[in-house]
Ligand SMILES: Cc1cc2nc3c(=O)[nH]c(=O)nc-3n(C[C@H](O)[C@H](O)[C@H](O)COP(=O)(O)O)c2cc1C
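A lone chain, given as structure tokens: the form predicted alone.
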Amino acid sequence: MSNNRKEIGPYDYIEYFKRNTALMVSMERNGNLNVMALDWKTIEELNGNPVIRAQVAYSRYTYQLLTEGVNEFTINIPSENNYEVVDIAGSYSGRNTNKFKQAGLETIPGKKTKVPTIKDCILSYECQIIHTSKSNMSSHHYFYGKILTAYASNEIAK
């Protein structure tokens, strides 16, 4: 696998997934990207498929893109070396800020999705939204993304 990473199973290296804030990438239909800091996430099974369930507030620009944009997202776990990007992704709105430019993020084209992954992350998952539902928290919505492929950087996958 190029870009200093290799393809892995959806549950490999899950300890990194669980303990770190993620960078969730979503896309407008015209191709514009947004990245959001995401803490409320899990990997689970839905109808026998490994999925990432992400909770996104209705007020977020990401919610708009997930419901009106491309029906996909990627989840990217940054390494400790580039964790400052989480602050940028979580402190600004993509409605009026290009957070990719501001954080100096580079992307890798998706292998199975239109939505790219983020270079220099220790884990990345390409997901297709297969279900949504209201969460038990009235201000958030669940998005279930079937994991189409996953990657681990050579930093952790030795």
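Just so we're clear, the structure is a prediction, and the values are computed from it rather than from any experiment. From 1 onward, residues are counted along the sequence shown.
Same protein, other form: the form predicted in complex with the named molecule, not shown, and the subject of what follows.
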> Ok, Val56, Ile52, Leu105, Leu123: which has a heavy atom sitting within 4.5 Å of the named molecule in the predicted bound form?
Replying inline: Val56
> When the named molecule is placed as it is in the predicted bound form, which of 110 to 118, 42 to 50, 88 to 96, 126 to 134 ends up with heavy atoms within 4.5 Å of it?
Replying inline: 88 to 96
> Taking the shortest heavy atom distance, is Phe100 within 4.5 Å of the named molecule in the predicted bound form?
Replying inline: no
>> Under a 4.5 Å heavy atom criterion, is Ala37 part of the interface with the named molecule in the predicted bound form?
In response: yes
> For His140, is any heavy atom within 4.5 Å of the named molecule in the predicted bound form, or not?
Replying inline: yes
> Though the partner is not shown here, which residues of 60 to 87 have a heavy atom within 4.5 Å of the named molecule in the predicted bound form?
Replying inline: Arg60, Tyr61, Thr62, Val86
